[in-house]
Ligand code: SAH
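Single chain ahead, by itself, as structure tokens, in the form predicted alone.
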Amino acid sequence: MSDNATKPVKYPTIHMQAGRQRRVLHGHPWVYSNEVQMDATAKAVPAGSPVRLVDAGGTPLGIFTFNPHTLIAARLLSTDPATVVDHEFITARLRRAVALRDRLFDRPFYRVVHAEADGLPGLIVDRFGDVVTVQANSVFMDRRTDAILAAIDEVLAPRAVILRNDGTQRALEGLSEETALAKGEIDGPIRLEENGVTFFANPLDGQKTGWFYDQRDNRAFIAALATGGRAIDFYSYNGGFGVQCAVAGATSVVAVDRSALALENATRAAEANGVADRFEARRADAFQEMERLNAAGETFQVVVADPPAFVKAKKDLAVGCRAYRKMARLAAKITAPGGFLLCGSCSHNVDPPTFAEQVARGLTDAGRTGRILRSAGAGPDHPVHPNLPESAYLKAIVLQLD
């Protein structure tokens, strides 16, 4: 079945090189530039165009987005070669994504669209009640901003929509970075909910789209372990881990971050949830604060270390892995005996075994032993394409230390 009614639309035809179609036939949604017959015809196709991809013999493989100037030349839209990529196509995919989230969550605070896994490659949409953020990380999606906004209006009818087109992936597609208010008005931080706790975010000028829904389940897990003890949340951002620990019954919580704006949101969240008397926002560098606390002999029942990506490109892998090892060592030193440590990584270039190895080495460096209680990725509103395991970027390891 086609994604929509068949219409007489003729897309440019792109041929794969002989024998290079195996991954696509096995379900992989990407085609690399060295797998395509990048002849004059292919090079002349405007970046961001839908194309009809065929193997070397002319057998149709589906409808793909195409960019002749990037390493990932083609991204799958549909295996049905009769698919028409129009407003109805985008709207149908968006409705399907929303239906899944509404089955998963009872409140409208979640990631609506997670790129390839939701059949809209290169597109990220987050929902904060009646405010929506959109990030187009491919030329194809960037050139369909109007169609995407129309679909969002039709399906979600938000009062405000923010374009957060400032992700580093856009540069790989030859796109400029920008943030803009596409609809409505935003006056200060917006309110959101997670695990029954109220938070505040700045989707216009905060990190990424303003909030990291991906850690939702990991926050709930570690917060339940904080009851009756001290907790500290490094790289706290808007207080996601720390405030939930306080609400769960931690006797005291310290949120550490270098951003004054993020800490203001964290403090506001603590006040909104009635735990301000047990919450402290501390502006500091995480590593320096860990070292200071260790020197002072302070320990905590729960320590959370969930930093921004230490490895933003493959060339940074060695340096980034050393940073994760150091983070685990310093965090372990201030985790009380019998206490709990969460180490996180959002670096997609660091696979789960490599991250686990760095955490284990950090524990050994700290002279600590323990056991892994949980090794998890992102929440279900950040689904992973089954044939694109590298999109499982988030790692969170929870340990109890002796």
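Since the structure is predicted, the reported quantities are computational estimates derived from the model, not experimental observations. Residue positions are given as counts along the sequence shown, with the first one as 1.
The same protein also exists as the form predicted together with S-adenosyl-L-homocysteine (SAH); that form is not shown, yet it is the one meant from here on.
- Query: Within 4.5 Å of S-adenosyl-L-homocysteine (SAH) in the predicted bound form, do 11, 48 and 84 each have at least one heavy atom?
  - Reply: Verified in the predicted bound form; spot residues all out of contact, no.
- Item | Heavy atom within 4.5 Å of S-adenosyl-L-homocysteine (SAH) in the predicted bound form - residue from 131, 152, 262, 270 | Looking at 131, 152, 262, 270 one by one, just 262 meets the 4.5 Å heavy-atom criterion.
- Using heavy atoms only and a 4.5 Å cut-off, determine which of 138, 236, 218, 135 is in contact with S-adenosyl-L-homocysteine (SAH) in the predicted bound form. Contact with S-adenosyl-L-homocysteine (SAH) in the predicted bound form is made by 236 alone.
- Heavy atom of residue 308 within 4.5 Å of S-adenosyl-L-homocysteine (SAH) in the predicted bound form: Residue 308: contacts S-adenosyl-L-homocysteine (SAH) in the predicted bound form.
- Message: Using a 4.5 angstroms cut-off on non-hydrogen atoms, would residue 172 count as touching S-adenosyl-L-homocysteine (SAH) in the predicted bound form?
- Response: Judged by the heavy-atom cut-off of 4.5 Å, residue 172 is well away from S-adenosyl-L-homocysteine (SAH) in the predicted bound form.
- Message: residue 285 versus S-adenosyl-L-homocysteine (SAH), in the predicted bound form: is there a non-hydrogen atom within 4.5 Å?
- Response: Contact check for residue 285: yes, within 4.5 Å of S-adenosyl-L-homocysteine (SAH) in the predicted bound form.
- Task: Please check if residue 199 has a heavy atom lying within 4.5 Å of any heavy atom of S-adenosyl-L-homocysteine (SAH) in the predicted bound form.
- Result: No - in the predicted bound form, heavy atoms of residue 199 and S-adenosyl-L-homocysteine (SAH) never come within 4.5 Å of each other.
- Task: Specify the contacting stretch among 155-163, 250-258, 104-112, 325-333, defined as having any heavy atom within 4.5 Å of S-adenosyl-L-homocysteine (SAH) in the predicted bound form.
- Result: Looking at the partner contacts, the answer comes out as 250-258.
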